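Only one chain comes next, encoded as structure tokens, the form predicted alone.
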Amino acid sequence: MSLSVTVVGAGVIGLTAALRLQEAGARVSIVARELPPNTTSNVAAAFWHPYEAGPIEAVERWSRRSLDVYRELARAHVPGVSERDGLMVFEASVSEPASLRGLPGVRHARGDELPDPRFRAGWFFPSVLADTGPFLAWLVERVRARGAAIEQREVRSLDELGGDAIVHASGVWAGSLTEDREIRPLRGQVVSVGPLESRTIVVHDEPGHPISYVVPREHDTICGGSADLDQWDTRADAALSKRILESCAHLAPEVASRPVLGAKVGLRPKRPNVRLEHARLADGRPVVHDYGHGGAGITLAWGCAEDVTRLLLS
């Protein structure tokens, strides 16, 4: 008889783990306090970029594996998933970023390819976009089609859950279900503007500067961002939106001429290192913790999901 697994969390981390477990033969149910389209993952700009996650070696492995999977999904025309060019820009003259080293298709940007005179270096890299509305809806449809029941409710203890095993992927709320005091909210705000002609994802992620990025999608453009540690407020801040749009106009001048469509806030699950490990509940049942992905949930999801599956089923 196949193993029954309860997955806690219905963001991208929980849903990809659920799907990989089902593909390996497990019977899966999902319990979450929020379901798509109301998860933190739904707020994400959702382009491939390892951000605010560790440890370095594991993040590289998880992110590279996830990039391969997203490329496969894009070529299979999965809703919301597309291959894109990315451009990382820097105000300092820097060498190739560590996160891009050894990645095929990376090249140094010429001066006339940089979007603003303030930038002195840039690197093009192969990326992917997972527009979270259609993509997470597709994931929900896939796990349901394979028999998963999905229940929306707040879980107060992992011990209260049924199943032969548990996958704990509750994101920023993980601290309320464990004694882990290292998980903290990293508040991120994004602003949506009208669609751009350019399809290139542009990101400025440099020490001493707040991260900013422009992510063109089919019907809008996501502009970010912010990274405010230990902030739980999910109300959009108008002054911050103004600052984000000013920064993003340096990344893509088209942004300044597009109508503002709205702003959203998500709470990234920040932790010094992703917690992906096998443990046991008081009654002896196995639990795999899979949380603390910072700003890289989309980027790490498939690599982590495959490790979760190996830990539970191998």
Ligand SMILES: Cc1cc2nc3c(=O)[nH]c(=O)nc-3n(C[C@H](O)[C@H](O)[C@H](O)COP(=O)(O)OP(=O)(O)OC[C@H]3O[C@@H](n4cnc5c(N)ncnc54)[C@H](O)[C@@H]3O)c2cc1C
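Everything numeric here is computed off the predicted structure, so don't read it as measured data. Sequential numbering from 1, following the sequence displayed.
One more form of this protein should be noted, the form predicted together with the named molecule, which is absent from this view; the next part is about it.
(request) Please name which of the stretches 278-286, 61-69, 255-263, 30-38 has residues with heavy atoms lying within 4.5 Å of the named molecule in the model of the complex. (result) Single hit among the candidates: 30-38.
(request) Name the residue from Ala148, Val202, Val193, Val190 that puts a heavy atom within 4.5 Å of the named molecule in the model of the complex. (result) Partner contact (heavy atom, 4.5 Å) among the options: Val190.
(request) Go through Asp230, Glu141, Glu154, Asp233 and name the one with a heavy atom inside 4.5 Å of the named molecule in the model of the complex. (result) The residue from Asp230, Glu141, Glu154, Asp233 that makes the contact is Glu154.
(message) Each of Ala26, Ala165 and Trp302 within 4.5 Å of the named molecule in the model of the complex, by any heavy atom, yes or no?
(response) Not a single listed residue reaches the named molecule in the model of the complex, so no.
(request) Spell out, yes or no, whether the shortest heavy atom distance between Leu251 and the named molecule in the model of the complex is within 4.5 Å. (result) Contact check for Leu251: no, nothing within 4.5 Å of the named molecule in the model of the complex.
(request) Verify the contact flag for Ile298: yes if a non-hydrogen atom of it lies within 4.5 Å of a non-hydrogen atom of the named molecule in the model of the complex, no if not. (result) Yes, Ile298 lies within 4.5 Å of the named molecule in the model of the complex.
(request) Indicate whether Val81 is a 4.5 Å heavy atom neighbour of the named molecule in the model of the complex. (result) The answer is no: Val81 has no heavy atom within 4.5 Å of the named molecule.
(request) Would you please decide whether Ala10 lies within 4.5 angstroms of the named molecule in the model of the complex, comparing each non-hydrogen atom pair? (result) Ala10: yes, in contact with the named molecule in the model of the complex.
(message) At 4.5 Å, heavy atom to heavy atom, what parts of 209-225 sit next to the named molecule in the model of the complex? List them in sequence order, or say none.
(response) Result: Tyr213 alone.
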